[in-house]
Structures are given as C-alpha cells and as structure tokens.
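The chain below stands alone and is given in structure tokens; this is the form predicted alone.
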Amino acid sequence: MIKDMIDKQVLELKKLWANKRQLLFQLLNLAMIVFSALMIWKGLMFLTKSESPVVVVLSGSMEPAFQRGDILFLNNAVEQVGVGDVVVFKIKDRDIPIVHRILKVHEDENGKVELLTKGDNNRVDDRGLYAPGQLWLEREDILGKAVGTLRYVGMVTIALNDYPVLKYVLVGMMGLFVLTSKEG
C-alpha cells in the first residue's frame, strides 16, 4: 500500500521534471502557500502587537488551567494586565518564552508597573526563573496576555521538537505532495 503510494509519487515527480512549465507552476504554488502563511503570521503580529501571537504550552507548570501541548492565542494590545491574568513573558538571554499567571502587580510612585508571576502548578514564584538580579518583570517583558486556547493541538509541535528528524520528513513529504498534486 505505502510502496504503491511512493511509486505513484515518484512517477508523478518524473513527469513533472519532464514538463518544466508544470514544474514552475507547482513551485510557484508552493511559494504562494509559504508566503500566505507568513503574511497571516505577520498580520496576526500586527493586530495583536505581539512578536509571538500564538504559543504552545511546553511544560506542566500551568496545570490544571493549561496542559502541555495546548496552544494559546496572545494579545499584547491590551494596556493593563492584572493579578490573575495568564501572560507569556520572555526573560533576557533565554530563547523560550514562559506561560505563567500574574501573582502580584507593583506600581511605584512614578507609575512604573512591575509584575511577579508564578505557574499554577509551581510551589514558589518565578523570581528563580528571572534574569540574575531581576526581582520583577516589566511590561516590556510581556509578549502577550492569553485570550484563547486550543487544547492539545500543540502536541504536534512538541513531537517535532522532541524528534527533529520527524520535522524534516514531514516538511519533505508536504513539499512532495504539493509539487506532485494535480490541478483540477
């Protein structure tokens, strides 16, 4: 069954290679799909004022509210964030953002707002996660406030990160299917 499918795809690829005009058309189709996805991502970044409008929960620190593999939709266009809000923040010199709940809001006499966060499933606040010497988060550290979720859909992302070879196989197969698909 799988061998027949692979043989069929190889045959279609050979036909496509022989027909340069069709090959160019399929490559343009593939480029249009990729650029459309990038435009949607950039549009979401603009609307939500967040560099990462969609994130995947990678750990169990927010259970039971959010499970590992949940996808969160963020909005950073909101001016105020308060105690109880789930936010995604980035720590200096760390690549992976963190999803936790605001535990305390501290505002000094100059109006500067500082935040303390904690994972729902953690025993202590996040001061141990912050950059050395940092006791509070500032509003600039926040990538966005969680405004929606899709349960467990992000498990695909987690699997692709855990098994990098799977990522290349999946991307290669998608490219192959796009190149060899027939237009109606």
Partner chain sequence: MHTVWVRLNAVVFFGLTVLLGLSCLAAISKIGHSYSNQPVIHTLEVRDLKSLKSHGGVDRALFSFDLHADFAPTFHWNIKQIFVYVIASYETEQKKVNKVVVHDKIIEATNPDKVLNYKGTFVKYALVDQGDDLRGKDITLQLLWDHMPITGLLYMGEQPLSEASTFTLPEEYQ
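Numbering follows the first chain given and starts at 1. Heads up, when I say rigid core I mean the largest set of C-alphas that superpose within 1.5 Å between the two forms. Model, not experiment: these values are computed from the prediction.
The form predicted in complex with the partner chain exists for this protein as well; it is not shown, and the discussion that follows is about that form.
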query	finding
Partner proximity in the model of the complex: Lys92 to the partner chain, non-hydrogen atom cutoff 4.5 Å	no
Glu79: touches the partner chain in the model of the complex, heavy atom cutoff 4.5 angstroms	no
Contact test in the model of the complex: Val147 vs the partner chain, heavy atoms, 4.5 Å	yes
His100: touches the partner chain in the model of the complex, heavy atom cutoff 4.5 angstroms	no
Residues from 92-130 in contact with the partner chain (non-hydrogen atom within 4.5 Å) in the model of the complex	Arg101, Ile102, Leu103, Lys104, Val105, His106, Glu107, Asp108, Glu109, Glu114, Lys118, Asp120
Threshold 2 Å Cα movement between the shown form and the other one for Asp93, core superposed	no
